[in-house]
Structure formats: C-alpha cells, structure tokens
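Only one chain comes next, encoded as structure tokens, the form predicted on its own.
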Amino acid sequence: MMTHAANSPDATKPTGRRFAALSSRQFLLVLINVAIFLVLTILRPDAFPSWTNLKAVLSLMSYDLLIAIAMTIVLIVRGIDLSVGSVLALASVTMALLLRADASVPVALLAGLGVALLCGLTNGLLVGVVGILPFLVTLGMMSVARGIATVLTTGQYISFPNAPAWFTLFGRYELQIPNGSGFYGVPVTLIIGLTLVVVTSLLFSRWTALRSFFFVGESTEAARLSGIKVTRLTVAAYLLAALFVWFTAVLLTSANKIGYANYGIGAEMRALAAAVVGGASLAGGAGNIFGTFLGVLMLALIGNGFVMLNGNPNWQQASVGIVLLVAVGVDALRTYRDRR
C-alpha cells in the first residue's frame, strides 16, 4: 500500500489514515515543544524566556533547519545524505579561501555553490544511475569532503579581513521590530530559514515535479512504470539538498567571518533526527517540511535546556541519539503496519 506525506500529492485530502497520522504527529510535536518551553520557563524564569536567549536559540537553529530540509528532501526519494555537514564545511572553506585571495563576493559564492552542487551531483549519479546504496555513497562523500576541507586549511580558521563589509555583516543582520520601549532584533538567518520552510512546503504541495518525489520514494518501480523519470528526480533531489547546504554555508561563513573545516560536524545526525521526527521515513515516500521545522525546534530547545540547567554537555549529544533511535523505531513500526 502506498503512503503519502503531508506535502505529497494527496496531502490536501483530509481522508485516509496516513493524513490523520501525520496531522496528529505534527500536533503532538507542537505540544511537545510547548511543554518543553513551559518547563524551562518554570525552571529558569530569569534566563530562558528572555528575548536574548530565545534569539540565540532561534538564530543557531536556523542553520540546522536548512540542513534538515536538505535531509528531508533526499529521504523523500528513499535516499539519505550523511555528507551534508562535510559539504557545508568544504563549501565554506572554498568561499573563505577565495575571499582571502581578494576574489569578489559573487565569484566566491558561485565557487562555493559549484562545489556543493558537484558533491550533490556525484551523490545523485552514484545513487540514481550506478545504483550504489545511498548510505555508502554519502558516507564516502562525507569523508572526502571533510578531508579536502581539512587539507585546504590544515585545520585552521580561514578569515577574510578584506572582504566587503556588507557580506560580513549580512549573516549577523537583525530586523528591528519595535516593542514599545525598544526593539526586538530578529536574526536574518531565522527570517531566511522560515521563508524557505514556507516556500519549500508550497513547492512540494503544488509543483508537479517536486510532488513526483514522493512517488519515487514510495515505489521506484511503480513510478518508473508510470512514466516518471526516476533517475532524473533522484539526482535532482541530491542537487536540491546541496543547494540548501550551500545556503547554510553562506550564512554561517558570513556570520562567523571565517571558513572552517570543522563546520557541520554532527549536523547530519541532528538533521536526520529532526526529519524523521517531523514525519520523514527511512523507507521513502514521506516527508513534511513543517514537521521537520518542529523537529529542529524541539532539538534546539532540548539543547538550550542543557545549557540553562547547567547539564553535562555530553548528554546533549546523547539526547539527539535518543531522539533519533525513538523516531526510527516509530518509523519502522509505522512502515510495518502500512505494509500489512
């Protein structure tokens, strides 16, 4: 039996067990996020609910959000991309090295985009054309991209002091919203992240080409028999994921004013956890961008909770693993139930 995600072609029809399941999942995620927020507010009323803290949480989660959207896209076509964090680092290093060499910002950005798309194209071709398992392909790309980034920088930060001021300020820009006695600074990274959530959700709901991703993930053979270009869409999914990784690299490089080979370490696990919690399936054919956003928000609140409560930072990483294991277990049970 075919299954559909909330952004799939049949998502607008409020009938069917699958739609109800995903709706309830997103509603549950909203409740969990509200509960975490209230608990932390009660435990640390002096620090957690302050706009300074919340702004930091939302700003930092914006990077994970873009990476998680990339992961969701490849999961929909029954893929996976373990190289997102490493490609992020390589794209960042590429741009930083060119900016240090006094290249113009457009040239540096295009070079970073080219590197990211090349990695995505390689992943897509090896998975979609050659037929190698996505796990093996992207695991290899993870090592290759991280290794090249490290070689290019010898593990050092790459600053670019002569770059135009507008570029180094862009990633830290805040939209000032009056609050009566002052202003709330809303990070541009958050604005971009939320905008991409809305735009991507709409595109997956309304654009036929992207809606076809779900059919590819549900049944490759059935999609091929229906005339869908499975190989082309698989490659396109990895290229689209690479585009989101590049967006992240641009924002991170601009905000920190450096390129760094260790950017994105562990990002693939956080992205995978958020995507699966949000409704994506390792079996393919399911994924919801808004659900992914809720998953990223949940992990961000949990991480901030460890900071607020002076918890052991090692448990923060463990919590991501626990969330991922639970989500994968639930996804496996859901897949088994739907196939019966």
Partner chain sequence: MKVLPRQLFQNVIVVQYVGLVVVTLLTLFGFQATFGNVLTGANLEVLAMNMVFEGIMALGMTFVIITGGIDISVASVFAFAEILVAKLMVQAGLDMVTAIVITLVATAAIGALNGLLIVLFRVHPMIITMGTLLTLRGINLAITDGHSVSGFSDVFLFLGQGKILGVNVPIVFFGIAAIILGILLGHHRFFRQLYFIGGGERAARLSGVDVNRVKIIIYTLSATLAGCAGVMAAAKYGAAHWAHGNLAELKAIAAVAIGGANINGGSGTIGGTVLGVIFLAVVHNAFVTSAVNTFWYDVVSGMMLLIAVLLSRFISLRNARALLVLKQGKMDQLSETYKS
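Residue numbers count along the first chain shown, from 1. Everything numeric here is computed off the predicted structure, so don't read it as measured data.
Below: the form predicted together with its partner chain, not depicted.
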| query | finding |
| --- | --- |
| Heavy atom distance at most 4.5 Å to its partner chain in the model of the complex, all of A165, Y173 and L294 | no |
| L113: touches its partner chain in the model of the complex, heavy atom cutoff 4.5 angstroms | no |
| L118 within 4.5 Å of its partner chain in the model of the complex, heavy atoms | no |
| 4.5 Å heavy atom contact, L282 to its partner chain in the model of the complex | yes |
| Non-hydrogen atom contact L133 with its partner chain in the model of the complex at 4.5 angstroms | yes |
| Contact segment among 102-110, 142-150, 234-242, 176-184, judged by heavy atoms lying within 4.5 Å of its partner chain in the model of the complex | 142-150 |
| Within 4.5 Å of its partner chain in the model of the complex: residues from 265-297 (heavy atom criterion) | M269, L272, V276, L282 |
